[in-house]
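The chain below stands alone, shown as structure tokens; this is the form predicted alone.
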């Protein structure tokens, strides 16, 4: 048993699609204009919804061009439909196909642009193709590791850590020596004061007696096993002789 909830699919709102009453044809025409501008300029600024929807069609167009080439009829029809300016078909196959032929990820990038106030209140976005000749949208991080203040701070940090390591090693060695000396002194004191040495010798003698008794018991078991095997062998020989005597008799 599964629960089902009604889901109403909401489409992206593309404003300015040639006025009210344009319908799906006006929507597709607007997207064709966005894709054509992207292929022409390689970076465009438009509303976020237009950029997000046109991005899918641009990715599909470049992917089919890379996969099938300019000798494939359906691919050429697709390029002819989406590119309103026909000179861009040559750019698609001669410029973008070699550029993105070994690209393992998406061919485009999207960025959200800040709101402009006062403005129309629309969420703006930037859509671009990778490898475009324009300056990067996000500034590159400046390497400040070679600045004089960072160099001095790193050197001071390393010296402080080395001093800490040395102090830790010295303290650990000192603690080890002290602990060993204290343990040896305590053992000597206990041994002298409570007769620990005699207890140790008594324990050793008891252990040696137990070991000797265990060895003697093991030897007795071996001897008994040998005797039992000899007895069994004699019984078997006697039984075989009786069988031979029975065979020599005369049967009527």
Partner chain sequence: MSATSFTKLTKHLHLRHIKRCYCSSTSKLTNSEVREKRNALFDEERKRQLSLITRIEKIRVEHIGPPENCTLIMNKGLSTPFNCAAHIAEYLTVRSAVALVNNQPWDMHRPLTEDCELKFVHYRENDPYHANKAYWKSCSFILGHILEVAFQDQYYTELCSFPPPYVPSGSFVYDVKIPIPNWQPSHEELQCMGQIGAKLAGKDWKFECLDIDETLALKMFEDNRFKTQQIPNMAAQNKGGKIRVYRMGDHLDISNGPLICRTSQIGRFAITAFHPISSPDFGELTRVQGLSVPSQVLINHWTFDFLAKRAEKYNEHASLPAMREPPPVKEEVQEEEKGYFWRL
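Numbering follows the first chain given and starts at 1. In this text, rigid core is short for the largest set of C-alphas that superpose within 1.5 Å between two forms. Please read these numbers as outputs of a predicted model, since none were measured by experiment.
This next part talks about the form predicted in complex with its partner chain, which is not shown.
> Out of 97-105, 70-78, 155-163, 120-128, where are the residues with a heavy atom within 4.5 Å of its partner chain in the predicted complex?
Heavy atoms within 4.5 Å of its partner chain in the predicted complex occur in 155-163.
> So its partner chain isn't shown here. In the predicted complex, which residue out of 151, 137, 168, 110 has a non-hydrogen atom within 4.5 Å of it?
Contact residue from the list: 151.
> Would residue 86 sit within 4.5 Å of its partner chain in the predicted complex, counting heavy atoms only?
Residue 86: no contact with its partner chain in the predicted complex.
> Can you check whether residue 147 is within 4.5 Å of its partner chain in the predicted complex, heavy atom basis?
Yes.
> Following rigid core alignment, is the displacement of the residue 91 C-alpha between this form and the one not shown equal to or greater than 2 angstroms?
False for residue 91: its C-alpha shift is below 2 Å.
> Relative to the superposed rigid core, does the CA atom of residue 101 travel 2 Å or more between this form and the one not shown?
False for residue 101: its C-alpha shift is below 2 Å.
> So, does residue 72 move by 2 Å or more at the CA between this form and the one not shown, with the core held fixed?
No, the C-alpha position differs by under 2 Å between this form and the one not shown.
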